[in-house]
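Starting off, we have a lone chain in the form predicted alone, written out as structure tokens.
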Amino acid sequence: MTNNAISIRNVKKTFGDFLALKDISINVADNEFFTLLGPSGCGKTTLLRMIAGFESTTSGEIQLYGAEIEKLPPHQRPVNTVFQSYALFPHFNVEENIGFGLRMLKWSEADIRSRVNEMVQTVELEEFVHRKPSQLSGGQQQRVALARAIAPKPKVLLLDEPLSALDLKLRQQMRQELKNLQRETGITFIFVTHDQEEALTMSDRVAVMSAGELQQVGSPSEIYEQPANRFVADFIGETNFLPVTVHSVERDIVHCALADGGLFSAGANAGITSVVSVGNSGLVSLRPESLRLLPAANNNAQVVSPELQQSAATDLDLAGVLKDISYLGTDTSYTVALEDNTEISVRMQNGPSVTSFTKVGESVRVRASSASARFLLDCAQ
């Protein structure tokens, strides 16, 4: 048996003249928490519905543990779905909602009682078994929906933005509960969301989608720290982009020239350095928290030599003026206007050993190590 729970191979989906999915290929491993992440309309829910059997593929195939499932109707697929609206039966109490699917599958009453009791304990709703959905909070209703979906022991659980109806504090609490539930049950979870923080905090791997196309698949740290293109870098968290020209290339390092002639180095993902040449345009992505702010008079500020050797690794060092300061409690966000009027965001954690800047208009320097800078192709939108 394959180690992949779901294999999506060259899947395409059209609605009339509209191309919703463009040649999507993804493998989801057994017992993995896998997230489809992207903005509204990118095709992630369409892909989820195709796995569930609610939509058919225009071309390509979807396999479940190596078996093609395209011709199976939804009720014959060992897959369950948790919807954004929960879709609980309002006239059933908690026990009846959880046991409904088991009765449809013709389980014995003894087995149903045993499984419902087990699921009630798993989602910690023992005190609420006789309540109806209208008597439960949003978080409790979501737990019932999860318990009902997991009760038949599906091989794969599909979750279509199940946290979006909850308030922020409850969403944060439920993220950890969902991840714990996935670990406890050993069921493969495929989770759809447009929320980057949800994807980063819960997932083993993330697939970033845009306009029906797969942009990048990787672990949360890979997606955040090594974005494949501008869209991924911009969609996942906050970042700054600096236009650059390729000065030289060395293995997985691109030595970059700024418009003012200053030179520095940036890491690049595998494959990029093989297709870029000296003189090519590009972008460098810099996360605000990877930047440091220094006083303009700091004597340790590095002076970048234009005679940079090809093998040298050079930090970024830019002069600018503070344009805005936002105190955020644990950290402070600074907006710096560089000498060419480009604005760059810097985020620094607050603490007794950290130099704070309090005056808008103050001259500063922005420093970044080459390890935190990522070179991106200019055409990779």
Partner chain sequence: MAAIGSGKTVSSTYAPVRGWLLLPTWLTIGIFMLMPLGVMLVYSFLTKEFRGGVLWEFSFAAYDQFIFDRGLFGDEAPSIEWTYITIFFRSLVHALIATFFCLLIGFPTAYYIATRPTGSRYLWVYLITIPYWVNLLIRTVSMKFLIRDNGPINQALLNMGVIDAPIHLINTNVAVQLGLFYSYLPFMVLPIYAAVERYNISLSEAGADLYAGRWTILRTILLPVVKPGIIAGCILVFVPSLGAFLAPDLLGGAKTFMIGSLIEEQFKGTASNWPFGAAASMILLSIILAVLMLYARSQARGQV
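Here the rigid core means the biggest group of C-alpha atoms that line up within 1.5 Å when the two forms are laid on top of each other. Numbering follows the first chain given and starts at 1. Worth saying up front: this structure is predicted, and the values here are computed from it rather than measured.
One more form of this protein, predicted in complex with the partner chain, exists but is not displayed; see below.
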(message) in the model of the complex, is there a heavy atom of the partner chain that lies within 4.5 Å of any heavy atom of Leu136, even though the partner is absent here?
(response) yes
(request) Would you please decide whether Tyr224 lies within 4.5 angstroms of the partner chain in the model of the complex, comparing each non-hydrogen atom pair? (result) no
(message) How about Met104 - does it come within 4.5 Å of the partner chain in the model of the complex, if we only consider non-hydrogen atoms?
(response) yes
(message) Taking any heavy atom pair closer than or equal to 4.5 Å as contact, tell me whether Ser85 reaches the partner chain in the model of the complex.
(response) yes
(message) Does the partner chain, in the model of the complex, lie within 4.5 angstroms of each residue among Pro74, Asn80 and Phe100, using heavy atoms as the measure?
(response) yes
(message) Going by heavy atom distances of 4.5 angstroms or less, which of Gln141, Ser248, Thr122, Thr185 would be at the interface with the partner chain in the model of the complex?
(response) Gln141
(message) Using a 4.5 Å heavy atom cut-off, which residue among Arg205, Arg175, Arg292, Lys132 comes into contact with the partner chain in the model of the complex?
(response) Lys132
(request) With the partner chain left out here, work out from 283-291, 265-273, 148-156, 189-197 which stretch has heavy atoms within 4.5 Å of it in the model of the complex. (result) 148-156
(message) Where, within 37-61, is there a heavy atom within 4.5 Å of the partner chain in the model of the complex? Residue list please.
(response) Arg49, Ala52, Phe54
(message) Please state whether Arg205 has a C-alpha shift of 2 Å or more between this form and the one not shown, with the rigid core used for the fit.
(response) no
(message) At a 2 Å cut-off on C-alpha positions, does Leu136 qualify as shifted between this form and the one not shown after fitting the rigid core?
(response) yes
